[in-house]
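For reference, the chain that follows is the form predicted alone, supplied as structure tokens.
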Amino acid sequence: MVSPPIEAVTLDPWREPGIPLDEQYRSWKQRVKAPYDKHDVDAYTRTRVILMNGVENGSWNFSHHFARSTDDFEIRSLLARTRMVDQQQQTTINWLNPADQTVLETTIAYEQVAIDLTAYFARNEPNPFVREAFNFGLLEDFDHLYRYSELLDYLEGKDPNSIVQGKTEIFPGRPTSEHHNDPEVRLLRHYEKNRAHPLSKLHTLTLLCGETQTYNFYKEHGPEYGNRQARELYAEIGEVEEEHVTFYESLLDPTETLLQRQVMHQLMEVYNYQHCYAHETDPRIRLIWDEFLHMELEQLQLWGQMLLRYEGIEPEALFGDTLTVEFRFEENKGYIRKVLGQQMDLRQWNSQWMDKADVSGEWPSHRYKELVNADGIPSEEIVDLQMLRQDPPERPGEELLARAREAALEVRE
């Protein structure tokens, strides 16, 4: 068994003992666990549940894509067998969410996942270009948390800090009204599979799975609201999540074969279950992470063997002999304030970033923003509605934003 680390652990994922595949299937009663109590759960336990639900959904979805693209029976058979485990694991994880947790409360937690996951990855990303891409997306998710927090107070009269528990700050980032881009503008140059650090691949794929899940969640639950402001805000931010999926998937090297990508998905699952297991504070849920970690170790090794058999490539040659896992959900307040102060006014064009003052009139996103924002901007309207409730009216977060800019100027000087 993998011993729980204090800070980081290095393991040999290609040889660490796992649970045999035929012993991984579970009964209905075994896979549906009791949910956590939303009033007592630690904020980062909730983020781990959301993250791993997205990771399993991402692996399940890619497995189906792979199966539709090959006629090799041996590969399709292993895909079917490991995919069945993935969907059972996803059921266990997603069913940990309690029924009394509202969609908006869950939404606040989704954005906390995106913020603290992306910030940590950016802080520790070895590729400078990929790091700047993460920073760019980080400031957008940071603003989404603020807009949804305003909606939570407006509709349910709840303090979003009851969910994020003060671990993630809530104030404006790069305004959501500025996130809407001509679709081609979001495309980035991809990393090179034979030169990229394995950590860059794991970071990118993890974020892609998380953003894909967020897109699906917002598009599924947004229409369930009868309130116009809520329906429109979910529609607006849901489209930005589509842009984020395009953004992060464009970082993947398209010359990676489907089999190589399948191995990467399995390694990503091992990576993420390892840090969940290492840092989980709920003993009952920690046992789930431990069990699923050892399921994924077995699946990873089976797919590594398949890569060697079909492509003659040792998986270690692509992903390294060992896997060091240092990630943990933790506060990133200082880092986010610094990035916000330095980069809030950046815009994207031709796989690079520039200050909005330097963007020419030919930037394709000018016309797209004019089109989608022509009849009003839901992310601004919800803030305006909240301002009307205050006496005197004031825009929340402006003081914190000003302080972040001042701190950034000090760093530059």
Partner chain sequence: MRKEALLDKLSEFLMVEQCGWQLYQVVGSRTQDAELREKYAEFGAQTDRHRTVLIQLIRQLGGDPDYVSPTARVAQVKSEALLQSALQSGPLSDAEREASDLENVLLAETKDHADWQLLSQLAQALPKGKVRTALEAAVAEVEPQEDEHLQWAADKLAAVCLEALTSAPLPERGRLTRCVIDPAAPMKAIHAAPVSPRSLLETARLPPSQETPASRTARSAG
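Just so it is clear, the structure is predicted and the values come from calculations on it, not from any experiment. Positions refer to the first chain, counted from 1.
Below, we refer to the form predicted together with its partner chain, which is not included among the displayed structures.
- For the chain shown alone, residue 283 is not a contact residue for its partner chain in the predicted complex, no non-hydrogen atom being within 4.5 angstroms.
- Taking the partner from the other structure, its partner chain in the predicted complex has no heavy atom within 4.5 Å of any heavy atom of residue 322.
- Although the partner is absent here, residue 195 is a contact residue: one of its heavy atoms lies within 4.5 angstroms of its partner chain in the predicted complex.
- Put simply, residue 95 is far from its partner chain in the predicted complex: not one heavy atom of it is within 4.5 Å.
- Interface residue among 75, 230, 251, 139 relative to its partner chain in the predicted complex, by the heavy atom within 4.5 Å criterion: 75.
- In terms of contact with its partner chain in the predicted complex, the residue from 287, 302, 103, 313 that brings a heavy atom within 4.5 Å is 313.
- Proximity of 124, 204 and 206 to its partner chain in the predicted complex is absent: no residue of the three has a non-hydrogen atom within 4.5 angstroms.
- The partner is not drawn, yet in the predicted complex one stretch among 61-69, 347-355, 363-371, 35-43 has residues with heavy atoms inside 4.5 Å of its partner chain: 61-69.
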